[in-house]
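We begin with a single chain expressed as structure tokens, specifically the form predicted on its own.
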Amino acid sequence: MIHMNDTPKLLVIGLDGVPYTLITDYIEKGYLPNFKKILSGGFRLHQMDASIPDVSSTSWTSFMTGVNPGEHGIFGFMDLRPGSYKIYFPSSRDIQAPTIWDIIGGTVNNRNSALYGAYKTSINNRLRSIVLNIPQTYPAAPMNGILTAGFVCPDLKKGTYPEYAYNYLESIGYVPDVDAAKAAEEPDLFLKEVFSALEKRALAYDYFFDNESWDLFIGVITETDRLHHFFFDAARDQGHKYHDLFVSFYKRIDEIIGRLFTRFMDKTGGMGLFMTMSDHGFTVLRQEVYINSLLREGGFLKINKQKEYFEQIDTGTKAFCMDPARIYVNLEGRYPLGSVSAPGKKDVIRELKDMLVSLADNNGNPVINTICENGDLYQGPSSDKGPDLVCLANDGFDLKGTLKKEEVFGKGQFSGMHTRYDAHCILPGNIEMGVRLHIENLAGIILNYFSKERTWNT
């Protein structure tokens, strides 16, 4: 067994999509005794803002780089090749800013990062990290330590560094994700796999915790997000068929976190920094809203159904939407069939906003809460690759960028949707933020902890 030395140690448990409000509710109901114990011992539960858009690929990248999408370059799970309508799925190779483990581990490639510049002289850059199951880290890049990627991870071997770590994970039947396709047709089997994946995750965390030397340990539990998307309506509904199972899943997470917390504090003599966090919150989904259908109705989008995906965009298109609600003006020079001139872009954006703010459901409930423009959201060399507008919905309305729907409103298999404002983070109470916590702040907190010029103590 590896024993901790006197250097600072930091343990982060990521809980994908776990909301502040649900943790608070479940603590009050007595479901999470270990969370309650931690919070009574000098820790504080924060409600935290996620990235915009509030999708896992973007938000987790903002966490691990400490910068906004305009600098790290990840705006969603899917994007378009420059100068085309061809889709691709950004990978770890597309991240334009160094991660926290690269900065503390001495494996930084992009030394122009502001975050790297702020800490390069104050951190021992030979610190070792264990990074398990963070989304948007596939394929695994060489680093000072161990990494196995979270979703999307189609090949566990390519998603794990170094090879001996893969050999262990393969030996225990570890999986990067569950098969969400089973949720609708075989919900009981899907839920069984969710519980099984969680146990494999816990087993791997214990193994690397005990058998590797490390300074920073990050372990992310993805199964919460999968459970929420399909069964979040069961979270508080005691009459729901799966309510008891939903609660039992959270009780098991509480046990896992409680055990890791106790062991970590024992190993560090109570001096290590412990935190939990999520990449976004969740709420019950009432309706899906298909923004491209709205754009078609408004005359902004023309479709050629003889083609596929976003290559369906046809002559005369002024704007189109990609998941979850990233709207791009079809600008001349930026896209092959661009029909909006640079001087005309401002008028198109104004027309789009007018249409979007007036969108309401059949009961008159407004759909859109906030419309953000690129220049207000993003700063950095990748900003011009980002969307021109991003819409944030009111709770219950899940905005979608599919081109397959004819109607504006509908309902799919999901019962839960992301929220930006209701992510959570547990930190030592003596870390004073002074402002509302944002997911981009966490990298700085971590790096400050490892800094020789630390401004606070645990």
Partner chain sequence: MEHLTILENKSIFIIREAYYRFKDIAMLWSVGKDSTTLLWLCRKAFFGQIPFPVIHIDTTYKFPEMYRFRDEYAKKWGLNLIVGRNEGQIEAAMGPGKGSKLDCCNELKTNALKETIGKYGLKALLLGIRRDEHGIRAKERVFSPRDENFKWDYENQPAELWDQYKSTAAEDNHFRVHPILHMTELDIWRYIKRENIPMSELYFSKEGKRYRSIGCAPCCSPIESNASSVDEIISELETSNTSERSGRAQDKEDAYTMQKLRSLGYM
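Since the model is a prediction, treat every value here as computed from it, not as a measurement. Positions refer to the first chain, counted from 1.
There is also a form predicted in complex with the partner chain; it is not shown, and the following applies to it.
Put simply, of 342, 114, 360, 87 only one has a heavy atom within 4.5 Å of the partner chain in the predicted bound form, and it is 87. This chain lacks the partner; the member of 267, 128, 286, 229 within 4.5 angstroms of the partner chain in the predicted bound form by a non-hydrogen atom is 229. Shown alone here, residue 415 lies farther than 4.5 Å from the partner chain in the predicted bound form, counting heavy atoms only. For the chain shown alone, residue 404 is a contact residue for the partner chain in the predicted bound form, at least one non-hydrogen atom being within 4.5 angstroms. Within 4.5 Å of some heavy atom of the partner chain in the predicted bound form lies at least one heavy atom of residue 181.
Contact annotation for residue 323: at least one heavy atom lies within 4.5 Å of the partner chain in the predicted bound form. Annotated contacts: 233, 384 and 395 are all free of the partner chain in the predicted bound form [non-hydrogen atom within 4.5 angstroms]. Here the chain stands by itself, but in the predicted bound form one stretch of 207 to 215, 146 to 154, 294 to 302, 254 to 262, 146 to 154, has heavy atoms within 4.5 Å of the partner chain. Counting a residue when any of its non-hydrogen atoms is within 4.5 Å of the partner chain in the predicted bound form, the hits in 304 to 334 run 308, 309, 323.
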